[in-house]
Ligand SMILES: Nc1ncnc2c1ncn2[C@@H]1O[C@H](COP(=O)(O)OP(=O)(O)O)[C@@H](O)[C@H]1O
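Take a look at this single chain in structure tokens; it is the form predicted alone.
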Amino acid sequence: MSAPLIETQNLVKTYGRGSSVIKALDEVSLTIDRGEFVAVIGASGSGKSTLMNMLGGLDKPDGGDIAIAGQSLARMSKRALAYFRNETIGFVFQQFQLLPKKSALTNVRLPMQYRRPRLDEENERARQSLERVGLGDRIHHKPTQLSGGQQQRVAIARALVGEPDLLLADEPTGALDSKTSTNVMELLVELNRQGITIVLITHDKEVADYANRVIKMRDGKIVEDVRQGVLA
């Protein structure tokens, strides 16, 4: 049996000092296998966003350990961690985080530039990634020329261009209307069916229902972990 893609052991993250200390993560232990689609759900302050920051190597724990693809993130230097993120993890954010004056192709190429491939290789892989999310005919459009749903698809294409082991999506439908949200979630389900491991952070139960595993957090702890069918 293959090792889990993600494994955390007694993960702790605290903020504040003295009597005002808040445990954003309180002894969180978790394993996620390759190919899973996991939704982490909870109210504001539950610890779900802090957990995503840990999984993405954007922050380090105060206690415990986290391993992605067998590599301990807590023990990496900042430089090694930045390289590991670029090679292993794709990020999708609520507000898209696109460069407004650059084309979809240029936005999707950005993660590749840290790997120093040839320009023609960058362009081809970015083009293929945009085609993968249904935007092959929009490669030269700027974000202002695209709908919100199309902008999020560009962001997903950017996350996929480096062929990561893990896709982290932080409230990916939070800035979208219900119809567009459905389209984006159906795309994520299809990408998962193609073998991509997805961890999605949300406060919306309808969004969480697209995942085949739902982890509920409260006060920095996992209070529920349920496997389920998917909507799409």
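Just count from 1 along the sequence shown to find any residue number. Not measured: the values here are computed from a predicted model.
What comes next is about the form predicted in complex with the ligand, which does not appear here.
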Check your understanding: Is S46 close to the ligand in the predicted complex, meaning a heavy atom pair under 4.5 Å apart or at it?
Key -> yes
Check your understanding: Does I22 reach the ligand in the predicted complex if we count a contact as any heavy atom within 4.5 Å?
Key -> yes
**Study point:** Contact of N192 with the ligand in the predicted complex (heavy atom, 4.5 Å)
**Key:** no
Point to revise | Heavy atom of T197 within 4.5 Å of the ligand in the predicted complex | key: no
Review point. Only one of 160-168, 61-69, 173-181, 36-44 gets a heavy atom within 4.5 Å of the ligand in the predicted complex; which is it?
Key: 36-44
Revision key, fill the gap. Residues in 165-191 that come within 4.5 Å of the ligand in the predicted complex by at least one heavy atom, in order, are none
